Structure formats: C-alpha cells, structure tokens
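Next up is one chain by itself, shown in structure tokens, the form predicted on its own.
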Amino acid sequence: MTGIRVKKKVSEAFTLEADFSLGAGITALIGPAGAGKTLLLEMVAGLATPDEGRILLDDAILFDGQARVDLPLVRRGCGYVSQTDSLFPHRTLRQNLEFAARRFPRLERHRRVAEAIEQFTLAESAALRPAEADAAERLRCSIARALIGGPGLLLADDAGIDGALFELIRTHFRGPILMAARDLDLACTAASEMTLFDHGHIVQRGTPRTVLDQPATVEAARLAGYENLWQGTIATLDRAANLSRLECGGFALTVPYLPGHLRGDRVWVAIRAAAVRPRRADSPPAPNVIPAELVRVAGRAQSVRLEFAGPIVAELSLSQFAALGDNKSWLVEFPGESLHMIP
C-alpha cells in the first residue's frame, strides 16, 4: 500500500491536511498556486517534515510522527522532478545522470546511464552542461535522473511534463506517479485519478471524468473549471414532467427534477463557459434562453471570451463568433444537459 496522511501547520491561516492512497497509475493533484501542492510533494519526498501523520510506500514506512520515523530523502525511494531546473550546472547532462546512479557498481552505473540516455533521447546533448542544453533536453534529463535509481514512486511538481512525455515515462516506469499541476487538460490526458486540492485540503477525488463532470461542491466546481456558478431558489418541482424551475436572481432556469429537495431550497447551478450559447436577439425561442447585456469581448489564441452582465461567461470558437456578425442585442442559452446541480 502507498498512502499519505499528513498534517502541517504553516501559519495561523494555513494548515495542510491530506489523507489519501495512491494506486499504480498517475494521480493528478490539481489546484491553484498557493494551494499547498509543492509542500505536500516535498513532505513525501523528505524535503519537508509533517507535524504529524504517516507516509507509506509499498507498506514501507517513510514517515510516522507517532513512532518518530523520518527517513532521509536518499532512503525514501522517491524520484522527484521539481518545478525549477535542479540539475547541477557545473556538470554535463551525462555527469548529472552518473551522479544520480553513483550508489551502483561501476558496470551497473554505466549500463543505467546508457539506458537513460537512449530512453530519453539525450545522446546529442549528453556532453552539454544544462545552460548549453535547451529546456526540453533539461527536462528529459531531470526525469531520467529521477528514474535512474529505480524509485518506487515518482513525484512531478508542475514541471512542464506534457501528455506525450508522460507516455514516454510510463514505458520505462510502471510505479505510481503523483503529479502536481494546474492544467486540467493534462490531468485528463495523463492521469487515472484526480485530486482537487485547495488551501491545504482535498476538495474532491475520483477519476478525472467523474470529478470534472460531477463536482460535489461549489469549491470543486471552481477548481474543475466551471466559470459560471449561480445560487438559485427552487420555485417549482414537477416529478411527473421530470422538471424543476430555479430562480437565479435576474433569470430563471428549467432543470431536471431534483429529488430530495423542497420548494424554497437553495442550490447551486454550474455550467462551463464553452457550453453557454450566445445567440442573436432575433433567434427563435428555446428553453433556458434569456436576454443578456454584453459587457466585454476578449480575444484568445483559438477562441473568443464573451462576458455578460450577471455575471455570465461564454467561450466561442473564432468561427462561431464570426458567424454571429456585428450583433448588438444578445440572448444567451443554457443547454439543460450542460447544467450541473450542486446541493
């Protein structure tokens, strides 16, 4: 079993508490800057010490506050790829790998270094110092160095590893990986488990698709990328028609029937900006379509962000926005299948 249960008070306003287990796949720790992701990885790696708790790696105790066990970093069997470039600047990339493999006999050390250079395509840059190599070569060397000793767990701290590089890692390392990131797309591509983490606490855990499609709390919805969140009052409950009607401040929404609720209850409604459909004012009537006042248009590389009073946020592709033309009056549609209710 590989499990993490730690607590550390950082300040009067911030205490990190986490309790979860790791499977054999990739677990993505998702949260904003300052959430405590790096501190959590550092406690697992042995770079920071929890106030209390227990850390197990394949049933071996790395840390136990009650038993006063705290293995040093070199004995923990964890590979660590940090946010910043941690390669030795005065050594070549090959020498960085040789240093990481120094505990092995000479022939085994040479074999491991040669394999790492081949696996992570470092042959052309092995003789370069980090300052002479490009960012991609330095990252691949950092990963190779973290894996060269055969760790039981790989920790990757928002290091810029993309989906393709994670696939490469998985061909050479089959143990559990705990990655800290802010990129939801990367988590969906690479991870089998997602943990939403904010202000030192776990907000929600599950498969990436479950967490993103079924946020359990308002905090989870925000972390899962829902730009539109409103609190509404249940005005109508119609079990026969499988419909409920919510009053959300200046507008109303029709949603599926909400079992276990009464009229007058307050619930949250969430919808992604990409699911909101801006329309021209002369568009035909449809459910969940309301008039909206456009406040701001923000161009992006591959999309356009529309901000309406409410606040309501929509995101369109460049072609979708162009198709609307020079529109002055707006309607906004909230497709029922894209609306998520949060108790």
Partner chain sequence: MTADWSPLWLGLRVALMVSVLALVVAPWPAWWLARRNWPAVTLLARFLASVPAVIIAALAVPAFTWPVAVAAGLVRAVPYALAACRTAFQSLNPGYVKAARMTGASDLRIFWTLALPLDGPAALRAAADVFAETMLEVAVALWIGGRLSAPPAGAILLTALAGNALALWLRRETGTPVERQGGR
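Positions refer to the first chain, counted from 1. All of these numbers come straight from a predicted model, not from anything done at the bench.
Another form exists, predicted in complex with its partner chain; not displayed. Remarks below refer to it.
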message: Residue-level contact is defined here as any heavy atom of the residue lying within 4.5 Å of its partner chain in the model of the complex; does Arg140 satisfy this criterion?
response: no
message: So in the model of the complex, is its partner chain close enough to Tyr257 to count as touching (4.5 Å, heavy atoms)?
response: no
- request: Using a 4.5 Å heavy atom cut-off, state whether Arg102 contacts its partner chain in the model of the complex.
  value: yes
task: Classify Tyr80 as contacting or not contacting its partner chain in the model of the complex by the rule of any non-hydrogen atom within 4.5 angstroms, answering yes or no.
output: yes
message: Heavy atoms within 4.5 Å of its partner chain in the model of the complex: which stretch in 164-172, 118-126, 196-204, 82-90 meets that?
response: 82-90
- prompt: Which residue among Leu262, Leu107, Val74, Ala241 has a heavy atom within 4.5 angstroms of its partner chain in the model of the complex?
  reply: Val74
Val313, Ile290, Ala45, Leu316 - the one with a heavy atom within 4.5 Å of its partner chain in the model of the complex: Ala45
- prompt: For 115-137: residues with a non-hydrogen atom within 4.5 angstroms of its partner chain in the model of the complex?
  reply: Ala131
